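There is one chain below, alone, in structure tokens, taken in the form predicted alone.
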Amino acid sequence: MKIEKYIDNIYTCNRTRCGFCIDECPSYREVGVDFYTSRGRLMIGRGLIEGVIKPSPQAAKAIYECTLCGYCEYKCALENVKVLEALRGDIKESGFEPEQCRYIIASLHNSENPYMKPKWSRGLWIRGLNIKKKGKTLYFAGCTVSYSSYLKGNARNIVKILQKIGLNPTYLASNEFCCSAFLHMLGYEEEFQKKVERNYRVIRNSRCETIVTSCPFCYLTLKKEYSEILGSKYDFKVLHITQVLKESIEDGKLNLTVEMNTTVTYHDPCHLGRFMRVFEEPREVIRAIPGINLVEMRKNRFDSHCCGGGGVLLAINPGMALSINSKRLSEAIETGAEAIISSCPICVETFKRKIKYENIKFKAYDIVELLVKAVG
């Protein structure tokens, strides 16, 4: 069993039962049952190891209805997220993986994206842009920005900004692949490692030295997970777009001259914030926009609540995902802001969906979407 690798984590949790993971856990806030906390899920893991319980639809439901937001890991010394991913791998091998996950995996294998979109259409947004096929800076758009109807124009804006500051990025277009974070989070570890090896060869062929992405999932996966698997041969510098923007504004390469005159709040994406510790760069970019008043939500930075869109929950249980999102959106509205800003395409799309479906008088913007309005 995959979870046997984490048996020390599981038994430490089961013997301690401190309950710190219950605090602010998004799925526990929705269901109110202990099996929907990391502590409860690790108890399921112990039961599976000892044969006390058998894999079942009920166990699978508790394991998969999790956003993998890392709040429990932030509150704990254990590798909770890795244990949960391994648990998903064991549930998958037992045949109780949710049907939606199988569709996602099939789409990844067949079309290199989790959204069942044709691979050939991935780079259609570059029409009319002068983008090189090889160069020192690779723009890795990722699946969500490439296909989302809620984020139209965002990839083009990023390329135009990168060109404006002199980076002149290369882009793989239809040859760009999914970073395969979904394989990782659904417990397909062997398949993930094979994809990493293949993807590395594609990146290397672009002759890039630096990879820039706007997706926190891609950022974490390309920067951390690929490096752990490939070792020293994976020597690319990986940056999130907010890190590039902050430096460009400070260096005077990017001038923001248009007054926005609005109050906004910033939502920390789980994978960019809690996992990768990128908290201040997005805030400094927002504060650099003329006329912007940035106010903080009660829960921010390490304590930021999840948007509900992580861990594939939006596909498995969209009702729960959007309920989690509604709570976060309420926190944003309570600040008195007119809009919520984030630097994650999945977070932004989830907020925009909720706002559209319920006709809420509030705005959601990707940080680049807001920034281009201020570029003179």
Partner chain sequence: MATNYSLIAKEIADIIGADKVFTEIHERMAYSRDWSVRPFNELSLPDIVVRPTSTEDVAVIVRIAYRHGVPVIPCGGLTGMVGGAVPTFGGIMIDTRGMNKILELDTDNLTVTVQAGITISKLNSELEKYGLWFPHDPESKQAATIGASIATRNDSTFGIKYGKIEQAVIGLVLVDGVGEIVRLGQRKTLISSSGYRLHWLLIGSEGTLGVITEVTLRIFPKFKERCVDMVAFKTFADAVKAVNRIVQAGLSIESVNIMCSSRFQYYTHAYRVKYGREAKIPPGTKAILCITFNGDDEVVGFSRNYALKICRELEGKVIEEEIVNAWWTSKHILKFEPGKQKWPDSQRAERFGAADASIPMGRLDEAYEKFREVALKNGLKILGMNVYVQAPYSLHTSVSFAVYVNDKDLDNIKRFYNYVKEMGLYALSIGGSSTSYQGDGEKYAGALCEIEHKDSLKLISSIKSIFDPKHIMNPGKKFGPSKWIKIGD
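Numbering follows the first chain given and starts at 1. Source: prediction; values computed, not measured.
Although it is not shown, the form predicted in complex with the partner chain is what the next lines describe.
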Inset, instruction - Mind telling me which stretch in 51-59, 340-348, 306-314, 319-327 gets its heavy atoms within 4.5 Å of the partner chain in the predicted complex? - result: 51-59
Legend entry - Listed residue (Phe96, Tyr74, Phe236, Phe177) with a non-hydrogen atom within 4.5 angstroms of the partner chain in the predicted complex: Tyr74
Inset, instruction - Tell me, out of Arg207, Lys224, Lys160, Arg298, which residue has a non-hydrogen atom within 4.5 angstroms of the partner chain in the predicted complex. - result: Arg298
Inset, instruction - Using the partner position in the predicted complex, report whether Phe302 sits within 4.5 Å of the partner chain, counting heavy atoms only. - result: yes
Inset, instruction - Please run the contact check for Ala332 against the partner chain in the predicted complex: heavy atoms, 4.5 angstroms, yes or no? - result: no
Inset, instruction - With heavy atoms only and a cut-off of 4.5 Å, decide whether Lys356 touches the partner chain in the predicted complex. - result: no
Inset, instruction - Although the partner chain is absent from this view, report whether Lys152 comes within 4.5 Å of it in the predicted complex, heavy atoms only. - result: no
Inset, instruction - Give a yes or no on whether every one of Val31, Phe35 and Gly47 sits within 4.5 angstroms of the partner chain in the predicted complex by heavy atom. - result: yes
